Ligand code: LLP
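Just one chain follows, in the form predicted alone, and it is written as structure tokens.
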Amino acid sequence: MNSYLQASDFFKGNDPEKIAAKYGTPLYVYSEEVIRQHMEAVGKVITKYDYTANYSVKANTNLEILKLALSEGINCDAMSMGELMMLKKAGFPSDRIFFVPNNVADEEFEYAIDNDIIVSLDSLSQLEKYGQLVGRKGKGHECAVRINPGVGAGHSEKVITGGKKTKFGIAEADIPKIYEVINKYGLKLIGINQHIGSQFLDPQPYLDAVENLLRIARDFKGLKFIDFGGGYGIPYHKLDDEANYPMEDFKTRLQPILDAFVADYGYAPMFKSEPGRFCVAEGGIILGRVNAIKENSGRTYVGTDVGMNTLIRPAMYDSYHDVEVIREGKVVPREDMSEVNISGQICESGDLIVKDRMLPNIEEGDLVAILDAGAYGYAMASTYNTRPRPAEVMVCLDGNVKLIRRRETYEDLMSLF
């Protein structure tokens, strides 16, 4: 693929240079069309049985993106009280929110209980705490538990959330203890969930995990739902023609697994999944300005205003993001390539977005478009080096560009003191 931005009509006819001039750089830019397409796709993974896709909002909690999920008819998972509050503000009713926290204090459980939001408990100790709180409040006895399925998968060990080396979930061997706590506090267990990891393009690990969880589910009676987790990947090497996640093939292979379980279990509980990255990653890019170019010991460094404070994934996970170069509002063809490193403004040697990569020749003043930044981009941004976080804009279906989060200011940072 020579240009994702052109192939997807990402800017809907808008000049990216004018967008950058109006809102400044670095700048997160989202495509409503691309995000809606991905949300629609995950909403149709299972059609034979009751099913809902729960967008995992930790990937991107911008209020306008949450509203897209609401309008697309998919539900949401939240990991914190802040995310619960954002979902309520976006208009989500409590029965379309699933709280899947990890090691939280009473305050967060109490907010969920008071708002009638179903909670998944990640450990026996959290289940005990939840039971005590529910007992004191005298309301809400339904809950779920997160099971560690014993298998994991993902692009980095830091995002593998199942298996023997992870902090997440309750081990299968502890299922009898789950019921001890459930019975102790008069709770009603209505669901189980899992998550094995993130960013896999081969469906087989996910299918294996589904089969494994359904095997475990047979030890639980009367379940209202079974949540398989998320992790569907996206092609971060799309400019080198990396294939998309084979969604149709995955759906075809998933169906007989579900059929076999339903026949054995006696009925079909609601099935759920938790896509996050898949919903929003390809729908977001970062526009950054090239401020300097220099040679150091035979290596070329392209200095931009996109640092690890704006996008931490390359520094944290060694993640790869495709980059397109924009000059005078047009994408520079992938010709006359040379090897470069793209760095930011942060005082860290690890502040590199691109390492030793062949890219079209770049000039000072160009824009760089960092692709697939819609997931775990702004959500993980920081004010490191006391640099305010960027603005976010949305390219709407009708081509209008609207500001969906203003740029942070130095006054914002000072106001906390």
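Note that this is a predicted model, so its numbers are computed, not measured. Quick note: we count residues from 1 along the sequence shown, nothing fancier.
What comes next is about the form predicted together with the named molecule, which is not displayed.
Contact with the named molecule, judged by heavy atoms within 4.5 Å in the predicted bound form, is confined among 193-201, 290-298, 338-346, 171-179 to 193-201. Contact with the named molecule in the predicted bound form holds for all three of E274, R277 and M380, each having a heavy atom within 4.5 Å. Proximity of Y376 to the named molecule in the predicted bound form falls within the 4.5 Å heavy atom cutoff.
Under a 4.5 angstroms non-hydrogen atom cutoff, the named molecule in the predicted bound form has G230 among its neighbouring residues. Within this chain, D77 lines the site of the named molecule in the predicted bound form, having a heavy atom no more than 4.5 Å away.
Contact between R313 and the named molecule in the predicted bound form is found at the 4.5 Å heavy atom cutoff.
Y317 is the sole member of Y265, F250, Y185, Y317 with a non-hydrogen atom lying within 4.5 angstroms of the named molecule in the predicted bound form.
Contacts between 53-72 and the named molecule, taken as any heavy atom within 4.5 Å in the predicted bound form, involve S56, K58.
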